[in-house]
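Below you will find one chain, with nothing else, as structure tokens; this is the form predicted alone, and questions on how it binds or moves follow later.
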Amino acid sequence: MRKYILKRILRSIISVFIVVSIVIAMIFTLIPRTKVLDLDTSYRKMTGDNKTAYRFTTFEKLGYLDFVRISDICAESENPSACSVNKSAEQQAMLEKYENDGYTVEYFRNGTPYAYHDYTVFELALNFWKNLVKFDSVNFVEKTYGVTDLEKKYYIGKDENNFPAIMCSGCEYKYQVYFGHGFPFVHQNMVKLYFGISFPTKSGMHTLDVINEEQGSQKAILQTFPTGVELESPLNQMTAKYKPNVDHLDQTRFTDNYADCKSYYESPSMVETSYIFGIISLVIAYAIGLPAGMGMARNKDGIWDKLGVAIINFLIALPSLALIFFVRQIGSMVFQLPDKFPLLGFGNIKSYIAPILILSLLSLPGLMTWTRRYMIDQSNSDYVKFAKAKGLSQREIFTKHILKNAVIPIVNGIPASIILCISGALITESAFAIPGMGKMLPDAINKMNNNMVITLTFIFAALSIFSVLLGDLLMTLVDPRIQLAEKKRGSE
């Protein structure tokens, strides 16, 4: 079994690698990169050499190419001062060297040269995977800022809830592992995934930070800082990063250079928002759909079965968009529920009722249909006939035999349903203006936010593939007769 799981995990990793690599190749080669700057207002206002430099700098940040200014080129020369003179022999020699290395040399309007190298498809994928995982270490401050007098060590401290936390001196982040505010409530900074920066929306932010960033207004919390001062502040001390230069305000709060902190906000992040709606609606759908499907199967062709089939057919036939706007309109007119989520916001339960009801109704038909079908299929099995011949009651047959076998394929889909709640619901979130994950991928595609598209592709692909594995493993727990790994000959 262990070998089987390891093989499945390996195949899953390879699948994610292939899918994301194909997406990278498509995005960076099939879409003209000039379109990336179409929505950049800063770029449209620029002219001349500043516009050219900004364009190449942006393309370099986004991973399209390697852009090298003359100052960087001449830094490699034996005579940098002579190299910096335009059209000098030293400069021409260095430019020729770069051209031989595959760079294209061009000139600004003022005559100053620059060079750039467009990455091939292979180099694009290689750069992505090479920079995907970043490890924090006690040598970060010394390597990045050249600070050698800082004591480098890991130690045990306290987090914001007074629980033990793994802390570090010399790392980029002061708190390495800690319990903290916000989903998923156990945080770590030892290993980070880096997918690049977001652009043009949330320009300059890491894409994962955009997804995980809390929303709304900053929220001040009464807290005690390392210097002993107690005050209300939105700073989240658990996110403290090393800051090379601290100002007077930092010195009144912090005893060291770990003073670069993120802030608390009033509302949860986009991923947490989508998960809240998704998981609640999923629980409601299963709580109603499974018993309803079982009741229909037990009373096949009866009045409850016919009524259930009618409900299923109605919900399937009704377009999702029509259901969403119908429920939203009825909720607003009859029950005074908000037709837009921001009207009452995260703090009011009325904001959740209509969207959760819609998501539950959209999931119900499938659950009811498949539960009914699986149980009816099992009802016609030979073991059921044998149980009837033994004199077992209809109730015993359903609860002890049919249900146990019929629930197996349903259990297989539970991990995917739970995990993929983070992906959000595009139409529902759009209709109610819910700031969740549902609109993020279409928005990223429309705004040419390439790194965000790659980030979301990686997340959704990885979660989808590994949730299938978890579903298979869950089946073996429900029914030990199911063996995922092939038995060796002669083992019986």
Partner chain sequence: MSEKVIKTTDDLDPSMFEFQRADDSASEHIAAPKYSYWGSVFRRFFSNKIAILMLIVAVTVVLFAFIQPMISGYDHMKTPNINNKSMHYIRPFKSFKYIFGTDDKGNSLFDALWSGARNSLFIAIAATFITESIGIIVGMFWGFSKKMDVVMIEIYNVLSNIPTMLIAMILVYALGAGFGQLIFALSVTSWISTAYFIRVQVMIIRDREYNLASQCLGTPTYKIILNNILPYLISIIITSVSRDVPAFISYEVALSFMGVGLGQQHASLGRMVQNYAPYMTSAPYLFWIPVITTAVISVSLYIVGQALADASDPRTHMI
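Between two forms, the rigid core is the largest collection of C-alphas that superpose within 1.5 Å. Everything quoted here is computed from the prediction, not taken from an experiment. Numbering follows the first chain given and starts at 1.
One more form of this protein should be noted, the form predicted together with its partner chain, which is absent from this view; the next part is about it.
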message = So its partner chain isn't shown here. In the predicted bound form, which residue out of Phe386, Phe326, Phe108, Phe346 has a non-hydrogen atom within 4.5 Å of it?
response = Phe326
remark   = Note: exactly one of Ile166, Leu321, Val283, Val229 sits with a heavy atom within 4.5 Å of its partner chain in the predicted bound form, namely Leu321
ask   = Are all three residues Ile31, Ile316 and Ile465 in contact with its partner chain in the predicted bound form, where contact means a non-hydrogen atom within 4.5 Å?
value = yes
4.5 Å heavy atom contact, Phe460 and its partner chain in the predicted bound form = yes
ask   = Heavy atoms within 4.5 Å of its partner chain in the predicted bound form: does Val23 have any?
value = yes
query = Does at least one non-hydrogen atom of Val19 fall within 4.5 angstroms of its partner chain in the predicted bound form?
reply = yes
task = Check whether Ile70 has any heavy atom within 4.5 Å of a heavy atom of its partner chain in the predicted bound form, and answer yes or no.
result = no
request  = Would you mind picking out the stretch of 285 to 293, 326 to 334, 251 to 259, 237 to 245 that comes within 4.5 angstroms of its partner chain in the predicted bound form, counting non-hydrogen atoms?
outcome  = 326 to 334
key: After fitting the core, Gln218 CA displacement of 2 Å or more between the shown form and the other one   = no
task = With both forms fitted on the core, give yes or no for whether the Cα of Thr104 moves by 2 angstroms or more between the shown form and the other one.
result = no
ask   = With both forms fit on the core, is the shift of the CA atom of Thr52 between the shown form and the other one 2 Å or larger?
value = no
